[in-house]
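Here we start with a single chain on its own, the form predicted alone, put down as C-alpha cells.
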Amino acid sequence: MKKLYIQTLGCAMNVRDSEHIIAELGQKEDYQLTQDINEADLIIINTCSVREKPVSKLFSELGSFKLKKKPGAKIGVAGCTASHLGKEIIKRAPYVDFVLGARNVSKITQVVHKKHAVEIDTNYDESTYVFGDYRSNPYKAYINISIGCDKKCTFCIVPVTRGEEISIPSRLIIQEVKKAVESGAKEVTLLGQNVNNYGRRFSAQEEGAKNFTELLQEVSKVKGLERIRFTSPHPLHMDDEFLHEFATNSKICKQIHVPLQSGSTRILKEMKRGYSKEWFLNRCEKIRALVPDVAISTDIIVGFPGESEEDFLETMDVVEKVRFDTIFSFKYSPRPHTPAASYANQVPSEVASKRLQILQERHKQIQLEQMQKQVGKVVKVYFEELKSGGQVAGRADDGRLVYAKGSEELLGKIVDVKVTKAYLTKLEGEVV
C-alpha cells in the first residue's frame, strides 16, 4: 500500500476534514496512514488561516517537507490557506503538487492525480456528500452538521475560505452518529462555524427541517450514545429554548463555548458580532443559573483596530464577571479579504502584546481557582488515552482533563473518579 502522511493545523473542523481525506484516500486509492514522513508517498498539510502565524508557518513547513520527502513523493496543501492563496502557493513553492480548498475535500481523489491541480471553489456544495469512515479516536467522533459561515465579522477570513453556510441534512447526521456508536464511540462532537444557527439553509429541499435544538433532541435519541458536545455556538443565537435544552438534556455535556471576542459593546459593533456586552453577560448568567457546575470557555481578541484602554477594561470586566474556565486569547491579526485589515486605527503591536499579557496572567489565576474547586468532587470521566506511569486520561462531563491510575481496561468506559489534585490544565484523581 502507498503511505500517506498528513499534518493538521487549526480547529476541530480541520481535524474532521483530515479524517475525511484519510478515509477517501484509504478506501479509493489504497493509501495507508504513516507517522513517518520519510516513507510517505503523499504528504499533505491541512492549513489554517484564522491568524497570520499558521500561514507563515505553511511555507517553512513546505520547505522542510521538500527536504525530507523521498524521491517521487507528492506534496499537497489543503484547508483554509489553500482556499485563499490558491495558485499563489504553487507560484511560491512549485514543488507542491496540488492545492485543495476547505470546501473541496471530496475532490481529494481527483487532485492527487493532477499535477498542479488547484481546486478552491468556495461555492462547491459537499453538504450531501457521504465520506468514507475514518476516526482518529475510536472512542469519540467529530461530526459536521454544517459547512461555511454567513456571519460578516470584520476580522474573520472564514467566510472567504469556507463559503456560505449550508446545513447538512439531519438524516445524514443521525446516520453518521449511529455509525460512530456502532463502532464503539460513546461521545460525539457536532461541528459547525455557528452550530446553533443550524437549519438556516439547506442545499436542497429538506423534509422536516430542524433547528439546532431539535437536532440535539434527535441526536440524543440514538441508543448507545452517552455524551454530546458541540462547537462553536454563537452568542447571538443562544435563545432560551436552546439554553433550556442544553441544561435539561442529560446527554449534553455541561461544557459550553461562548465566543466573546471583546467585552466592549462599541468594539463588538465594529466587529459586526451582532450582540452587546449586556446580551453576552445575560446569556452567561442564564447558563450558570440553569447549570451551576457548567464550564464556560471563550475566545478573546485583544488589540482590535480602535480598541482603547477603556475598551480593553470592558473585556477584563467580562472576564471577572463570567470567570471563564478556559480562554483562547490572541492579539488581533490582520487577515486578507477582511474589512478590519484596512482600518486606519490599528493598535500598536506592543500595546496589544501588553494587554494580552495582562489578560492571560489574570485568567491563569481564575483558571487555577476554578480547577481547585474540583478537589474532593466525584466526577464521571470518559477514559480515552493511555499515559505513561500507569495512568489513563479522559474528560469529565464538563470537559476538564482528568488523569487517574489505571490500565487499558478503563479505555472507552465512563467511570466515577474522585478528584485529589488540581493543576492549571488537568486534574488528578482516583477511580471510585
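Position 1 is the first residue in the sequence shown; the rest follow in order. Keep in mind the model is a prediction, meaning the values are calculated, not measured.
The protein also exists as the form predicted in complex with S-adenosyl-L-homocysteine; that form is not presented, and the subsequent description refers to it.
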item	value
Interface membership of V55, S-adenosyl-L-homocysteine in the model of the complex, 4.5 Å heavy atom rule	no
Exercise: V50 in contact with S-adenosyl-L-homocysteine in the model of the complex, heavy atom 4.5 Å	yes
Close approach of Q193 to S-adenosyl-L-homocysteine in the model of the complex, 4.5 Å, heavy atom	yes
Distance check, V319 to S-adenosyl-L-homocysteine in the model of the complex, heavy atom within 4.5 Å	no
Single option in Y332, F242, Y142, Y139 placed near S-adenosyl-L-homocysteine in the model of the complex, where near means a heavy atom within 4.5 Å	Y332
Of V112, C156, V291, V219, the one that lies within 4.5 Å of S-adenosyl-L-homocysteine in the model of the complex (heavy atoms)	C156
Interface segment, criterion being heavy atoms within 4.5 Å of S-adenosyl-L-homocysteine in the model of the complex, picked from 343-351, 81-89, 294-302, 166-174	294-302
Within 230-266, the residues that have a heavy atom no more than 4.5 Å from S-adenosyl-L-homocysteine in the model of the complex	S232, P259, Q261
